[in-house]
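One chain comes next, on its own, written as structure tokens: the form predicted on its own.
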């Protein structure tokens, strides 16, 4: 079915008691340097430290609202979705088993266990995905996919919905793309609330399956685990549901790893909060788009999360990027 703004609004009603209404921050220095107004919807302050809590909670709430109460929830994820489903399961007193590849962020694995979920690790993402498919066949088990599910998408779209309900006259909305759930929900919410506002997707060049899919007109799968600091965008392929919404985007950007490092440092410094590289890379797409604009723009950036382990943190701060000020 084609999701609409009313589906996002239903999701917001369901999740409001269980999630944070996250703040919108801006940096006067960044706005002055770039000559435009940039607003950041800070999902790094969300439950579990990422927007994923929205989709997880909405999907479980939707099930219960429709008279279904699974005996067990299962999910496959390399990080934030794992925590989201674990959090939702705990909140609604349902057991959960989360299947994760061994290369997942250690801090995200521990956080998922901390919410009470059983965590099953496997050597590759393909094995992880196969295990969750097998588990989902069991009676009384419900599988919450990380992105390719209507109610997951609707939950994720509430982040943009909240922001655009507060901000007016936004010219462009930017969000990162892993499997496309956040971006799909952002597109639905934005086109419903502010039809003239443009929506842009962003992913690492080293994990550019979505961009390749859009170029070739069909879903493309990465040949192996991508080498990127953006662990939230290491999805092997977008879904058949999310791909249809990605086709509606106004443009799509692929960002090199050096800019993930650069903007993670700068946004951490300017906004005074912890930000994942997956979130920060989006700012480089904003900068490139603003280079093409002749008038002052108002831009909304969805900062997807702030969960980063020690290994990634060390790699981000190996060299100092704060000596080179952002500019158009």
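All figures in this text were calculated on a predicted structure; none of them were measured in a lab. Residue numbers count along the first chain shown, from 1.
The following text describes the form predicted together with a further copy of the same chain, which does not appear among the structures shown.
The candidate stretches are 217 to 225, 247 to 255, 99 to 107, 146 to 154, and the one lying within 4.5 Å of a further copy of the same chain in the model of the complex by heavy atoms is 99 to 107.
Across the proposed site, 206, 212 and 239 without exception lack any heavy atom within 4.5 Å of a further copy of the same chain in the model of the complex. Although the partner is absent here, residue 325 lies within 4.5 Å of a further copy of the same chain in the model of the complex, judged by heavy atoms. Under a 4.5 angstroms non-hydrogen atom cutoff, a further copy of the same chain in the model of the complex lacks residue 293 among its neighbouring residues. Contact check for residue 16: every heavy atom lies farther than 4.5 Å from a further copy of the same chain in the model of the complex.
None of the heavy atoms of residue 39 is located within 4.5 Å of a further copy of the same chain in the model of the complex.
Along 32 to 52, residues 32, 44, 45, 49 each place a heavy atom within 4.5 Å of a further copy of the same chain in the model of the complex.
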